[in-house]
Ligand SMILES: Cc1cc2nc3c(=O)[nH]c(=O)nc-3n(C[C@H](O)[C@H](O)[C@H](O)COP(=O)(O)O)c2cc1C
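Presented below, as structure tokens, is a lone chain in the form predicted on its own.
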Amino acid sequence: MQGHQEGADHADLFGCLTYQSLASEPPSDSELNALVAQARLRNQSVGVTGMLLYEDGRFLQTLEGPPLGLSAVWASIQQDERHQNIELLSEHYAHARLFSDWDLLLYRKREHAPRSLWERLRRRHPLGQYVQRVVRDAFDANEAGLGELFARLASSGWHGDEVVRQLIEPAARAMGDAWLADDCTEFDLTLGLGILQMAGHAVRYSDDIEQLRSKKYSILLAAAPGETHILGTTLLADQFSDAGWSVEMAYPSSDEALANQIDAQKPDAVDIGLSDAITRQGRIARLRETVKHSRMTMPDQSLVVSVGGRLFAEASATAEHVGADLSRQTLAGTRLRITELVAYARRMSDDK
């Protein structure tokens, strides 16, 4: 990445950057397809994935991958004469890829969301104007705009948990509702949640950090097997990392794959997340089996199991439904609640 020297602090993280630029000459469809084909070959060679938006002569691209590979791609982009006025919008590290399946996805932006979507937001939420802004920027892939909004709110006294509870989570649910109402496509929803995920790296959490850093705890943050929405999982990674925990990520394809990673990592806690945008009502029985398999992996140790997602946020399911220790109704404060559960489990284990 720009100005980056790869070191141990970021050895297990992916670099992420977003930039915008103007086409030197508006490309034809064949020229645009050729550009993408060439970029895909280059990206594959260094392990970089990403997404490219093109509209009316303007490019907006998000790229992610190993820091050294990302630096090589970024240097190539800056020397490409097919575009100009290149502006780096954001640059950060993350625990997981958003575009893991796409060497480079080309996406031509959709039509504007219908006015009915914004009217529903204003009626349903006390901070409707702010939530509307977050949803609009997420759908428009305006990661930089969202980052500026979150930074401005932080400077005016908003705590990170407030940003998550009052803006990010309601925006995710609003985008899920938009998809259910056919106001956006499935790709719009996935991309919008991804933009929220990337902008969410700007949110920081400071309460009780020094106290928490003295605890040598570890957590495995996992998307439920088959879950494609990973907003909550990645935002939790930032929260626990800020608190000094050892954090591992998992995107398992099956209960067995998750159990294998738990067996390898031996974490103090595992959080298993469903979509924060859509209520996965039909997933309760399957999630119960996932939790059961996870516990069986460490029968002689106290493993704290947390679950989350819109299904639990709206209280249509509880921890008891799936055999978990905690069902988080919000991402806000989750690290504190899991810390208490892990500390209690350790005390009980020591007393045996």
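Each form is matched to the other, and the largest set of C-alpha atoms that superpose within 1.5 Å is called the rigid core. Heads up: residue numbers just count along the shown sequence, starting at 1. None of the values given here were measured: they were computed from a predicted structure.
Although it is not shown, the form predicted in complex with the named molecule is what the next lines describe.
- None of 80-88, 259-267, 272-280, 138-146 except one has non-hydrogen atoms within 4.5 angstroms of the named molecule in the model of the complex; the exception is 80-88.
- Contact annotation: I195 falls outside 4.5 Å of the named molecule in the model of the complex, judged by heavy atom distances.
- The named molecule is not shown here, and in the model of the complex it never comes within 4.5 Å of any heavy atom of S254.
- Contact annotation: A319 falls outside 4.5 Å of the named molecule in the model of the complex, judged by heavy atom distances.
- The named molecule is not drawn, but in the model of the complex it has a heavy atom within 4.5 Å of L52.
- Only one of L35, V291, L326, L303 lies close to the named molecule in the model of the complex, with a heavy atom inside 4.5 Å, and it is L35.
- With the partner removed from view, the residue among L220, V203, L104, A178 that has a non-hydrogen atom within 4.5 Å of the named molecule in the model of the complex turns out to be L104.
- Along 56-86, these residues reach a heavy atom to within 4.5 Å of the named molecule in the model of the complex: F59, Q61, L63, V73, S76, I77, D80, R82, H83.
- L60 is among the residues whose C-alpha shifts by 2 Å or more between the shown form and the other one once the rigid core is aligned.
- A displacement of less than 2 angstroms separates the C-alpha positions of A315 between the shown form and the other one, with the rigid core held in common.
- Put the two forms on the same core and the Cα of T330 is off by less than 2 Å between the shown form and the other one.
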